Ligand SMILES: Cc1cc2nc3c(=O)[nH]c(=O)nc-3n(C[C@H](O)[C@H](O)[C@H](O)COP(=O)(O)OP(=O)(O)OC[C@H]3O[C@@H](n4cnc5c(N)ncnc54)[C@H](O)[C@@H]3O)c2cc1C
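The data below hold one chain only, encoded as structure tokens and taken in the form predicted on its own.
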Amino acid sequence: MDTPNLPGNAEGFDVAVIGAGVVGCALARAFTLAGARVVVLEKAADVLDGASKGNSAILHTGFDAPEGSVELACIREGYALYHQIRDRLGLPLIRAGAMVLAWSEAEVAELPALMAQAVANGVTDVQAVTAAEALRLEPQLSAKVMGGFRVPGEHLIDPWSAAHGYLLQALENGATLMRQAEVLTGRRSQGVWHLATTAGAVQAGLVINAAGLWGDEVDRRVTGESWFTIKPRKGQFVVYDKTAASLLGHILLPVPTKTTKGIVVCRTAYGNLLVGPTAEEQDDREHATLDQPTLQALMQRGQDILPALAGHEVTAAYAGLRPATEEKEYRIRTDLAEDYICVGGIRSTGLSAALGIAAHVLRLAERSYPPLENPVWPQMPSLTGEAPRDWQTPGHGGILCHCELVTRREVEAALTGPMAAGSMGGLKRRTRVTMGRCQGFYCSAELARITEGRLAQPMLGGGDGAD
């Protein structure tokens, strides 16, 4: 395609990754550690600003993934890789375990097949539980439960520090991040891709499209065609106050349907309790709005499962968009003759599968680069309490957000470095500032002063500040 003559950096790279969601961040890490010179092109002001900013934060085992699928293979490999690297990057893991619960005779009838599928998928430690056993394991559970099975390996993680850690490791080992760099067109000449972006021209030997909700559009802009269509699927969540987290140990999963894993009730890595997501088809790729009737229905569903939730307060609600397509499968396509790989249709399992997808795509690329010796392993800040928090160590400069115990030093650190927050949403994801019970009522004024001139949009200027 024709490439506009834009000013900017025309530096050449081995690999250009389009999109800085969790999959793009994992791809950047994998190719950088393999020795490639990598550039990540993100159209937003910050990373994780698309589909990856809203999910249920579960590290899945793949027990219910389609047998023999690429998705299953990537989840299983991603799950194993997360366990391998999490200590070296300082990433949390809350070993919750899950229970898949049936609430009707029809759902009870589906349990044996789901357990058989789990075993076939390599998740061999699933255990059937009667209603009485489920109530013994979770005493706050509704007595209407009719049975289920345990999946001990399902865990909770921080949905954002994982992706931040992947990308930060790539950056600290030589990768480049270009933000507000929307890819406009692509042209391949003499074995080199020439990408025109809103931040300037970029040249790369291999292009990997990991643009999430815009994957099909990026396909068309770069190659002139796309083989799939994104069909955004909205998921709304309600988040209960930290007092509700004591009601539950396991992740409570419903019997899944063909289109969705259903509404989950679980703690979060930050000590809250969430109920969601919904699964709502829509055309809008950018806006995930909340609506009161749906949130009320989620709260009711939560109370149907855990009646004691009625006595706890909802402190927040959010919605995310999953990049679903016309098919359930991941849409990963490799064109080595054109040095182009599309990684599309990565839906709700993307967080669990990201490291596996990156390893899979690295193998598909069939490239070799000068080996990277002694890679840097950055340590991510502790936000979940699994390790000591910053407020528990001297010299933190004072607590800025008392709801989430976020210090001034943490905020300042998140605003500096190779992956400095570029938006208020990005600063929240790095620190949890303003994400507690008061939703920033008490700390926003001081936060606006600290962030002045350092974010793409000022905190009190509307838009981004409301993220």
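Remember, it's a predicted structure, so these values are computed and weren't measured experimentally. So that there is no doubt, residue numbering starts at 1 and follows the sequence shown.
Here the subject shifts to the form predicted in complex with the named molecule, a form of this protein not shown in this document.
With the site C-alphas superposed, the named molecule from its pose in the predicted bound form puts 3 or more atoms within 2.4 Å of the backbone and C-beta atoms of the shown form; the site is blocked.
Under a 4.5 angstroms non-hydrogen atom cutoff, the named molecule in the predicted bound form lacks residue 32 among its neighbouring residues. Mapping the unseen interface onto this chain, residue 50 counts among the residues with a heavy atom inside 4.5 Å of the named molecule in the predicted bound form.
In the predicted bound form, at least one heavy atom of residue 23 sits within 4.5 Å of the named molecule. A residue is said to contact a partner when one of its heavy atoms sits within 4.5 Å of a partner heavy atom; residue 56 meets this definition for the named molecule in the predicted bound form. Using a 4.5 Å cut-off to the named molecule in the predicted bound form, not one of 242, 400 and 434 places a heavy atom inside that distance. Exactly one listed residue, out of 74, 346, 265, 208, brings a non-hydrogen atom to within 4.5 Å of the named molecule in the predicted bound form: 346. Proximity to the named molecule in the predicted bound form, taken as a non-hydrogen atom within 4.5 angstroms, holds for one residue of 322, 331, 164, 250, which is 322. In plain terms, the part of the chain that comes close to the named molecule in the predicted bound form, with a heavy atom within 4.5 Å, is 233-241 out of 84-92, 233-241, 131-139, 290-298.
Counting a residue when any of its non-hydrogen atoms is within 4.5 Å of the named molecule in the predicted bound form, the hits in 186-217 run 210, 211, 212, 213, 214.
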